[in-house]
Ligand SMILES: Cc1cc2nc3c(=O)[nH]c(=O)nc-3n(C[C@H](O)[C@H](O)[C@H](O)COP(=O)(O)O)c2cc1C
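Shown next as C-alpha cells: one chain only, the form predicted on its own.
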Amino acid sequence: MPDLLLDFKKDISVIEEGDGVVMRSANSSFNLGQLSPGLVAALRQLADGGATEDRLADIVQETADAAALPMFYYYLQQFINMGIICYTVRADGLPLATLVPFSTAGQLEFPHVALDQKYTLSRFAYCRHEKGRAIVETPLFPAKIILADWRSAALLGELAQPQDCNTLTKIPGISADTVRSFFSLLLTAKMLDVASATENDTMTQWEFHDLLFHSRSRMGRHDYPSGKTHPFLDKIPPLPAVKPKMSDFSGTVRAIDLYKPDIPKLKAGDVPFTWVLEERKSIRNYGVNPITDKQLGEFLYRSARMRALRPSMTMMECSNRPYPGGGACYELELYLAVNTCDNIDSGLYHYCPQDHQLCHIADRNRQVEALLKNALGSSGEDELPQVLIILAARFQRVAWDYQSMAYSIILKHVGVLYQTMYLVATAMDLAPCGLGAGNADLFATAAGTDYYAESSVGEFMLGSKGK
C-alpha cells in the first residue's frame, strides 16, 4: 500500500464508556468492549485526523503494549471490510485526494504503479460538486474520491491524455512518488486505466450514461439514501394527484367530454384475456377511416382514467387507476397530438383522467406537426400516426417520495402503461405501437411545460386498424 493517511469516515466517533469503547455513526453504534490503552489511542487517532498505518502501529506500541499489535491489525481489517476507513494521498503534508468507500469495501487493492507506465482517466469516471467539495465517482466501483486540493483536479485534467508519473511533476509541489500514490488511489477505485489496455466486448457495449443510471438507481454501488424516504416531507409541498386542467395559450380552458364505456358490460362480454395477450402486436399502418372520438374515449377510459383518489400516510395525495403505479404516485400525464380523429379537431390536447376530458392546448401548429413527424421517424413507417399519445412525467410527484430510484420508477411506469395500452387497443381491435424515442425539448415547447418539471418520457401511436 502507498504511504496513505488512514482515518474513519467523518460520521464515526470513538467514545470510552464504563463497559468499554463504543464506536458510533449516524445510523448505528457498537461496543468493542475493553481495549488496551494503546489500541484506544490508535482508534482515537483514526477518528481525529488519522495517520499512516505505520504511525498507528507505533501509537499502539508506544504504551509498551506490543501484545496489542495483532489485535490492532485485526480491528483495522474489520474496519476496512466494513467500508469505514478512508485513504488520503498528501502533497507537502496537506491532503491532496481522499478515497471514501461506500458500504463494505473489502476488495480494496492498491496496485503498484510503475513510474514509466502511461495511464488515462476511465471513460466511466465523472466529477461533480457535492456539499462544497469536488468529488470523482464511477459506476465501476463503490467509492468516491474527494479532490481536496486544486492540484488533484489539475492532475485529473491532465489524465484526459495518457500520462506517466514523471510527466506530471510539473505541477507545483507534486513529486513522482505523490503522482504514483494518486494513481494507485484512482486505480483502486477503477477510475484509471492503463493507456495500452483494451476494453472487453461487454464493457465496450456499455454507454457511460446507461451504466451510471443502472448503478445509481440500484443498491450496491453507492451509499446514498434509496427508496421511499419522503426526502421533502415538511420542506416542499407535494404536487396534487391530479394536474389542474390545462388551458390553451390564450388562457382559455376548452374541454371535450369523452365517451365512457360500460365497464360491467365489458367485464361480462369482452374478448378473452389470453386471446388479447396472444394477439398483441405493434401495428404501424391504419385503416381508411380514422379512429373515432368514441373509440378514443373508450381507449383512454379503459387504460388511464382515474378511478378514485386515495388517502395517504403522508401529505401527498394518491389515486387509483387501471395500471399499477409505485407508491400510487401516478406521475404520468397523457398528451394527445391528434392528426386525424372523427369529431375531434387536429391539434394538441391534455387528458384529464379525473373528469375524463380532453383539454385543448393548441391547434395544429408547427410544433404539433413536428411531434407527429418525429413519431413517424421513430416508427420507421411513411404514414403519420392518427393519434400520437405522449407520456409526460411530473417528475416531482415521484422525487418527493423516492430517492436514488425516482427516474427508474418513472421508466418502469412507462413500460407498465405501454403494456396496458397495448392490451386495451388489442381488445378494441385498434392499431397500437409504442415508440422507443422522442424529443422532450420539442414536447415542452409544444405544450408550454417546464422541461425540468414536466417533459416527455414516452410516445405511443394509436389509430384505426386496417384490413
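Just so it is clear, the structure is predicted and the values come from calculations on it, not from any experiment. Residues carry their position along the shown sequence, with the first being 1.
Only in words, not in the display: the form predicted in complex with this ligand, which the text now covers.
Original post:
Which of these stretches, 429-437, 23-31, 399-407, 43-51, has heavy atoms within 4.5 Å of this ligand in the predicted bound form?
Top reply: It is the stretch 429-437.
**OP:** Please pick, from S282, N285, T169, Q354, the one residue with any non-hydrogen atom lying within 4.5 angstroms of this ligand in the predicted bound form.
**Re:** Checking each option against this ligand in the predicted bound form, the one that comes within 4.5 Å is S282.
**OP:** Report the residue, out of T340, S215, S378, Q163, that has at least one non-hydrogen atom within 4.5 angstroms of this ligand in the predicted bound form.
**Re:** Filtering the options by heavy-atom distance leaves S378.
**OP:** Quick one: name the residues from 399-419 with any non-hydrogen atom within 4.5 angstroms of this ligand in the predicted bound form.
**Re:** The one in contact is Y418.
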